[in-house]
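Quick heads-up: it's one chain on its own, the form predicted alone, in structure tokens.
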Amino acid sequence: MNKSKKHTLLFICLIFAIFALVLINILSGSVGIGSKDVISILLSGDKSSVDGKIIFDIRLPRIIEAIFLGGALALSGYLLQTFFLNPIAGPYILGISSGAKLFVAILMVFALKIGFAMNSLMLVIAAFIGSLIATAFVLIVSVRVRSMSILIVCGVMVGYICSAITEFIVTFADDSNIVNLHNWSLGTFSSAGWSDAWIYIPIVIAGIIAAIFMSKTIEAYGFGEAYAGSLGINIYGFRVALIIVSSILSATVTAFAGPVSFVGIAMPHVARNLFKSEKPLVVIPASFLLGSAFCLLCDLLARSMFAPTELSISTVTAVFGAPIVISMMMGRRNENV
């Protein structure tokens, strides 16, 4: 079987896995709904019954959010790994998600104190500003420090600092809002709604399109800056575009779901290994689909393992994502020996 056929088969399997996880997520929950009832409600569009409201107002928005934001986070990680030319880079590891989380938390608490009505776009903008500031710090460190391991340590420290400040802010939030703020700060898809979907879906789709348009440049850049420059590529403009698209995607995820760990660093690695390819036109959609499937699975486990108690999504993604990152780092170390 040639590579293109193998890739096509793998993409079909991934899409089938996502559909299967969507169905399981619709069927699973504290309220049991039979498969026949689910099919009947979906086909009829019945939103008036109790089961219909559960499916259309709670479960489907959550599923859609996991698909798009999980995929966006994986794609953001891939773009950061391209920028730093290192597969260990990621929005959570480098502290970018934590920077976005801090600014969103500040905006939320401030708005709640003065009684200002926030909208979803404001949260995305606040997260984008926070992610850009965290990214700027990482870039400054990357200029002075050539070792990727030290850069990652600096990113982790930035993440800890931002998380500590966020926890301090959340602790002194109004009692009526502290639960929602605390849940969001740990990462969750439980607050998903259709009104938010109209904001994040266009942003994520625009990010995918931008990444695909940059795919040829990304492939050339993978051979080094000198090679890309010899082809007439504007390296500075390209790097700026990579950071902006990656920051927008990770900021969007943080604004709506809070910080979600290890998806951005682990899923692009899985995509490369699964498809045995470094071609951006293969890895970009593969990373997105794997990120979607991974977050659907983790969200299912987060709300069903200890029901009715729900775990944060980051708790589950860390359990499965961290071993992947560890194995990746050990593999890189063996290659360098």
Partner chain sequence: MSDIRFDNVKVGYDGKVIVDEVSFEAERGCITALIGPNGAGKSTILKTASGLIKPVDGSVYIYGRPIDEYSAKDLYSIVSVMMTDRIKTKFMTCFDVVRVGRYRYTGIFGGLTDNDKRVIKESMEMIGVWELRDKDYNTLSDGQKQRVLLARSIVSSPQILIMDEPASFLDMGRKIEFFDALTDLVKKKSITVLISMHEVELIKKVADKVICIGNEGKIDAMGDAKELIRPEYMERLFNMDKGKYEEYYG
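Since we're looking at a predicted model, the values are computed, not measured. Residue numbers count along the first chain shown, from 1.
Although it is not shown, the form predicted in complex with its partner chain is what the next lines describe.
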query: Its partner chain contact in the predicted complex: residue 269, any heavy atom under 4.5 Å; finding: yes
query: Partner proximity in the predicted complex: residue 59 to its partner chain, non-hydrogen atom cutoff 4.5 Å; finding: no
query: Residue 220, heavy atom within 4.5 angstroms of its partner chain in the predicted complex; finding: yes
query: Heavy atom of residue 230 within 4.5 Å of its partner chain in the predicted complex; finding: yes
query: Candidate stretches 67-75, 97-105, 150-158, 211-219 - the one whose heavy atoms come within 4.5 Å of its partner chain in the predicted complex; finding: 211-219
query: Candidate from 49, 35, 44, 273 lying within 4.5 Å of its partner chain in the predicted complex - any heavy atom; finding: 273
query: Heavy atom within 4.5 Å of its partner chain in the predicted complex - the one residue of 85, 205, 165, 139 that qualifies; finding: 85
